[in-house]
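As a starting point, one isolated chain is supplied in structure tokens, in the form predicted on its own.
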Amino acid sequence: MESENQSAFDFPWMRRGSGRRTVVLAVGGGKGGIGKTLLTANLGIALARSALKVVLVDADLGGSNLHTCLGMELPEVNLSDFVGRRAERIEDTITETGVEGLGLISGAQDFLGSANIKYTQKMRILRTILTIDTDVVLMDLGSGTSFNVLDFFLLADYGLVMMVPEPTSLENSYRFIKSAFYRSLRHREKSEPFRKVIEEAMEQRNEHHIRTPYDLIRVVSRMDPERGDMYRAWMLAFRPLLVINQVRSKDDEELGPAVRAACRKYFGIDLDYLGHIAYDDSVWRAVRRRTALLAEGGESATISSVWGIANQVLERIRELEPRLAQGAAG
């Protein structure tokens, strides 16, 4: 059972106006095998080459392999050393990647063992990530909609949802976005009766027949019109980023705008669509060679699209922290 101490979780909306701080990004999605880790690794390289100091965090607690996508052997120290108190500070678990300005905190391999970490362990990791002395923390998340995955996603100033043009990925992505929004409401809401309604909404079958955020707000508005207005404002502020991977056709290219339109129409949630990444054999070849795509150099449509996404992310980082604009050029 999770603790109800919300003050222990420093969400982005709690950090606004708090002065100089690290910008946190998270890459998530509804299912595995969609390229989250590959994008995280290459996005980290792109941001580091744009004169930012970046720390990658492998937060896929059930199957960490971000080091592999960077062409690295398993680091000697990792997140489990911090959780197990073998490393006093989380900075002690950062390993150099060979890319200037880019460090890696490898995922837990032995202490945690799976994604089912204890609440206190999760909270310690989340709180400490915010204290890392760097410009940007970029997290690679596990798949699915467990509370652990959602809380890492919600910790971020910018949460990026990745999907591929497949029905299962589409369905799971909608579920991920909806679950993340409900989870954010659950953290914000202090009143127990309304928390119960939110928890009910997270169940597929529920007494109030809640299927979408619109339905939830309708129910809440009946109970308390002012609260309904507050939920609508929170919904407008909830704007995940979206990237479509493994695009093979013109129809695939049109999926991103279609998903954005569907989310706006049925959920009331407006996504920021960053673009798509074409399917490219060079990607899996780079994985087999245990090297990051951007680390190899060269030019391709895939590399160009990754840089295009990175430049859009850079714009958002600069908007949030203007001090990082100096010297950062994509």
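Residues carry their position along the shown sequence, with the first being 1. What you are looking at is a predicted structure, and each value in this text was computed from that prediction instead of being measured.
Absent from the display: the form predicted in complex with a small molecule. The rest refers to it.
Note on contacts: among L294, V283, L52, L271, the single residue with a heavy atom within 4.5 Å of the small molecule in the predicted bound form is V283.
Contact annotation: of the candidates Q246, T212, N172, N148, the single residue with a non-hydrogen atom within 4.5 angstroms of the small molecule in the predicted bound form is Q246. Although the partner is absent here, A48 sits far enough away that none of its heavy atoms falls within 4.5 Å of the small molecule in the predicted bound form. Heavy atoms of I34 reach within 4.5 Å of the small molecule in the predicted bound form, making it an interface residue. Not displayed here, the small molecule is approached by Y279 to within 4.5 Å at the level of heavy atoms in the predicted bound form. Proximity of S80 to the small molecule in the predicted bound form: non-hydrogen atoms within 4.5 Å are absent; the residue sits far from the partner. Between 124-132, 97-105, 81-89, 238-246, the stretch whose residues reach within 4.5 angstroms of the small molecule in the predicted bound form through a non-hydrogen atom is 238-246.
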